[in-house]
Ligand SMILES: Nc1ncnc2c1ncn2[C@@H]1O[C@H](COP(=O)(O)OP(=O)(O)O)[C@@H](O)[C@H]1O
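We begin with a single chain expressed as structure tokens, specifically the form predicted alone.
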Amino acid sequence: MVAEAKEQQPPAARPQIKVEKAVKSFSGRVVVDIDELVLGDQPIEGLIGPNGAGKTTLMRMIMHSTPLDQGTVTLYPSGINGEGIVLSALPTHRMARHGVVKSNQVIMDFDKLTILDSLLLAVAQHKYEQPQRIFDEKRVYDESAARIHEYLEFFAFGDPTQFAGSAGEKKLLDIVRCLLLEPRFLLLDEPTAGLPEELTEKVMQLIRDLAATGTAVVIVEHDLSVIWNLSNEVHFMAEGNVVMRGSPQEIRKNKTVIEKYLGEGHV
């Protein structure tokens, strides 16, 4: 089992990300305005807030797929007191080599690639992504086949030589691609949206096991049962800023959060 294999790995020093004086505007409207925010204090952190709060934009700013108007985002691979890497000075394609990986909020897939080929592309090193190296595909497969098939079996995918069919399969495929990159800091944007309960539980299990090995995980998720049951700490974001943070119990009982976001039914 994937989970059993990960539990045998000793925990590593957990990385942290620091966002400082980060601002992003669209058409004159400020969407994100954060003076200082540290992510990675806890193994699994939830990021919640009303629609338009800036959650997805913040995650895209961390990945530098949305450039900052001002400010910096810094990765500290061994914790906040260690040496930092300024992510906001790097192109998006450099993030994965530093262990920072993000899932897609909107379902994305390679329409012309089979399930297996899509996963092989995720694990292919840069040196193999050249036209003249096409015949190295078998080597890439041999190096990663065991891990790929472990995930395929865990999620009960069908024939991996076929194309992903349902939206759920495509969502899981995106998550598996992220996990195959062996992230040290994983950003998940609505990872369980549209998934049935049994698959949601499997995704949550993998996230717990990954965090137990020292990977920092931050989750944006509108299914609050996932947030309450999975997160060690929750950040509440509104109007472009993280206005409070605390344990799931503290956040879900906060009067401001209840009135502006949760509603009485979630207390």
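Note that the structure is a prediction, hence the values are computed from the model and not measured. Numbers for residues come from their place in the sequence shown, where the first is 1.
Note that the form predicted together with the ligand isn't included here; everything after this is about it.
Chemist: Could you tell me which of 45-53, 208-216, 195-203, 225-233 sits within 4.5 Å of the ligand in the predicted complex, going by non-hydrogen atoms?
Modeler: Heavy atoms within 4.5 Å of the ligand in the predicted complex occur in 45-53.
Chemist: Which residue, 31, 68, 37, 63, has a heavy atom that falls within 4.5 Å of the ligand in the predicted complex?
Modeler: That would be 31.
Chemist: Pick from 105, 88, 144, 114: which residue has any heavy atom within 4.5 angstroms of the ligand in the predicted complex?
Modeler: None of the others qualify; the residue that does is 105.
Chemist: Does the 4.5 Å heavy atom contact test between residue 57 and the ligand in the predicted complex come out positive?
Modeler: Yes, residue 57 sits close enough to the ligand in the predicted complex that at least one of its heavy atoms falls within 4.5 Å.
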